[in-house]
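Given next, in structure tokens, is a single chain: the form predicted on its own.
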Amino acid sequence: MGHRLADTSSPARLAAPDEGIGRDELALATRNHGLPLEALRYDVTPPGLHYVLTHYDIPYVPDDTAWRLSVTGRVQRPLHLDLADLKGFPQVTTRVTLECAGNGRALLTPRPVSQPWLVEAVGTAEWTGVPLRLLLAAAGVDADAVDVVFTGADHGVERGVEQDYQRSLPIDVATGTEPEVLVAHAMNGAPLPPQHGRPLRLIVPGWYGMAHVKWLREVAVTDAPFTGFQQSVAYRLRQESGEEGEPVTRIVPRALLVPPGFPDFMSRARVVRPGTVPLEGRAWSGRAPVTRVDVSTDAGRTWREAELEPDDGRPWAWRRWHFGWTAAEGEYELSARATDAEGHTQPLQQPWNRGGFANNLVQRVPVLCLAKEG
């Protein structure tokens, strides 16, 4: 009897009632990591604290590797560029908040079995690189162009399909200026770390992380919609198996709290002292600028508006908010809720789908307020 790739690659499934996190999910969780929520205090996330999701292996790229990026397909002048060539183009630095499309998946019921994110799959960095539109202009995009396909160097198998990691963008997004897509070679002023796509990656402001292809080696312009695995099978919003579903694209609004006080080691429940407790956090949306953050200190029964700081001309980065809470002894559940300029807001009930994508249910932070002993 022969063997197949599918023998080592299980189909997507939902966890059974009362099924705990399995060894396969735990193995994913040890490879990938989220942002420690206390690091929300940083305007720009240090690379080692920024969330990481890697589908397959992190490609090993030694310092002396002659990496080349190809721009091919429906273009008049195919390009084959090394890093020096890319740095010869005009450079742009943009502060962008990245969030994994599966952020919040492990909080859903029933739980889609995959990378078990809670709410920490996020980070904000300053990315430096070449606007993709300039590379496409240099190559001369044909008039019949429909999609631009991006291929990374990471290779693996998923649900029985062997593949390089590939995603596409519509031609109008790839050549647009709002947002301006970057082929980035630097993060926070330094060369990309290996886990963040060294030496090149795509940055698509406002879109979930699956669009930001890492270890980028090829850009191909096509005259037909791309139907690769990560585009047409994965990253779709489905209620039932077998549905075509809607594509996951732009980030929906979310606000997170910097956990106040100090934590219990296992539960992460917080302890604060009576009196004035400053609450703060970050809020972001890829749909439209965040215009309001509301805070609840009573498990969502009542909400009060927080003070939202200006975005300082950085529309694709998170915004700081803060709120003064007068705490008395007792048990509390804190939440924050973001709303953007188009009226999108965070739901109070889970927005369930089979992939566990775009779950922006409001965060809930248990807090115990007690006086010091003695």
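Start at 1 with the first residue shown and count on from there. The structure displayed is predicted, hence computed values, not measured ones.
Below: the form predicted together with a further copy of the same chain, not depicted.
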Residue contact check: Asp223 to a further copy of the same chain in the model of the complex, 4.5 Å heavy atom: no
Close approach of Pro315 to a further copy of the same chain in the model of the complex, 4.5 Å, heavy atom: no
Non-hydrogen atom contact Leu14 with a further copy of the same chain in the model of the complex at 4.5 angstroms: no
Partner proximity in the model of the complex: His322 to a further copy of the same chain, non-hydrogen atom cutoff 4.5 Å: no
Heavy atom contact within 4.5 Å of a further copy of the same chain in the model of the complex, the stretch among 50-58, 63-71, 303-311, 342-350: 50-58
Among the candidates Pro116, Pro205, Gly152, Pro131, the residue which, in the model of the complex, approaches a further copy of the same chain to within 4.5 Å (heavy atoms): Pro116
Contact residue in the model of the complex, chosen from Pro110, Pro263, Gly245, Pro274 - any heavy atom within 4.5 Å of a further copy of the same chain: Pro263
Output flag, Ala27, Thr30 and Arg268 jointly within 4.5 Å of a further copy of the same chain in the model of the complex, heavy atom basis: yes
Residues in 151-178 with any heavy atom within 4.5 Å of a further copy of the same chain in the model of the complex: His155, Gly156, Val157, Glu158, Arg159, Glu162
